[in-house]
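Presented as structure tokens, the chain that follows is alone, the form predicted alone.
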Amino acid sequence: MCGIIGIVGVHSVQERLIDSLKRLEYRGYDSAGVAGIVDGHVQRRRAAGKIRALEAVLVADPLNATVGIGHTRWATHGAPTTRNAHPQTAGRVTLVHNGIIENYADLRDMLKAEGRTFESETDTEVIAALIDFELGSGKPPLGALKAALDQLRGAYAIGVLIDGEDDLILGARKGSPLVVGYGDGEMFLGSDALAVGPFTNRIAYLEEGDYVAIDHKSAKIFDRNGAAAPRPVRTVAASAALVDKGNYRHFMEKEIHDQPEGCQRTIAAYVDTLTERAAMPGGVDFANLSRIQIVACGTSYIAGLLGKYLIEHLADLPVDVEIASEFRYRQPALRADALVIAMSQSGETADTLAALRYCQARGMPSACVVNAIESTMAREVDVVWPIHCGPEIGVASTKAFTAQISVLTALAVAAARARGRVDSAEEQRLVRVLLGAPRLIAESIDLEDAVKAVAVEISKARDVLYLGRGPMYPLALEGALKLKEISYIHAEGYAAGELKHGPIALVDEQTPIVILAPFDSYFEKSASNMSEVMARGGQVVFITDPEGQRHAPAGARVVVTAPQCDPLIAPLVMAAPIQLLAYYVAVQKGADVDQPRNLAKSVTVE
């Protein structure tokens, strides 16, 4: 799930593949490998561990190829061994892959029935076998790739070599980024601009569902429907490639679109995809905890509220969530058999650090959910649970938020199993649901055009209300916070059941009401609240799913229909529309999206 590089070159590619992989080490990995075409056949070199182990293999057995691919792997399916390292080969096909293929087990069984055998535990080998199977039916390389892609369910970026195709690399993306680099008589494929940065500054960004064939001189790009889709080529400064916005106007927009890959990376760190078990490293004994105390600020606090719903519902483990800036000043009653979890993207938030230290001073074991694993917070706790979402540049948190929720969802499943609240079969079902989240997040992001239309109207408002029940209540808080942060429109999030206890007085024809209500156990009451709002002239923006749309009362001004999903991952799937709504309202108003006034990315003072 990490770095990809592909080169169709005129000179030996071995050193350049390694150079590129070293530039991608920041993404994290546990094995590495390269492959190239030599005399018409693909040869591989792979090693578990760091790139220096791969370099040692190449010293002993060089790869004398001018066309090749390379990969740094973060283990998902199968242990971080040489056998499971990428590139993976099946028949004529060798490929590298970022992502998770959800239906790999069914595809593997189908291919086994056709007489195929498998050497690794990876879902990646299944993709290679599937493409090789399609080649065997007489399809040309691009046709075989497209036929295989049509059978995959999940999120992926891939780079492909085929025996006998000496001047060709194939690629495809869905939910994971992939770029094409244009050189002088050479072409490149990479997981981001940094991968190809040493070789060219002319880059085209593949769009969702695209697939591509590159040779020495050109790239033939096709969209998800198979139509030719040339993508614009732009110049990127190599020094800025790590934090490049790509084709996006703002970092926030890019980071919203990064979420499928970011959540893949997070989820893969906390579940075993082979056994379908959740596992929280660090040895926390959930069975004997009396409660969990979460301390956080801002968006991290709201993620903590969602964690409370998940953990209490699944694991029957009490959870308190408090704003860190208030927590220690009220002298809370604490017990040493409770676990404190500090949540912070940066790991440097002053109020959260102070609250964490307050709990530690009273004998509580501690953990943190952070993005920056070298931060102060990470150094001071007993257990670190990284969110693995990569650099987040926009001040308004997006991908860190969904990564935090992903960690807490895995924690809820692991705690539920440890406390005997779910059996092994139910744990496996929940893990399968969680593994499907990146694909559904990508589908939710595809609602972008519908959200843009809503944003035009909301940008004219002075006040906006967000309503939700159950886990949608914290998401309503997050939607309102995002809108306030970057568009400067006053917005408030409320538990929908509190509507009649005061907020309904704010409802009029000039106040948009955003109601978050997937078709779940809360839906009937949420629909009732929607009717109450519309009866008083409120202009409802209804964010739901297909089943909710069918059962919704008539009269909503706009209905945004997110993908149907299990309630476990509804907060992950429903997050993108509210983030996109805030983003496009801010753009409509001409606000500084990435650096909103008066705000900083990390609040390191009280």
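Predicted model only: the values in this text are computed from it and were never measured. From 1 onward, residues are counted along the sequence shown.
The protein also exists as the form predicted in complex with a small molecule; that form is not presented, and the subsequent description refers to it.
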Contact stretch among 441-449, 186-194, 128-136, 299-307 - heavy atom within 4.5 Å of the small molecule in the predicted complex: 299-307
Non-hydrogen atom within 4.5 angstroms of the small molecule in the predicted complex for each of 345, 349 and 481: yes
Exercise: residue 266 in contact with the small molecule in the predicted complex, heavy atom 4.5 Å: no
Residue 396 within 4.5 Å of the small molecule in the predicted complex, heavy atoms: yes
4.5 Å heavy atom contact, residue 123 and the small molecule in the predicted complex: no
4.5 angstroms heavy atom contact with the small molecule in the predicted complex for residue 253: no
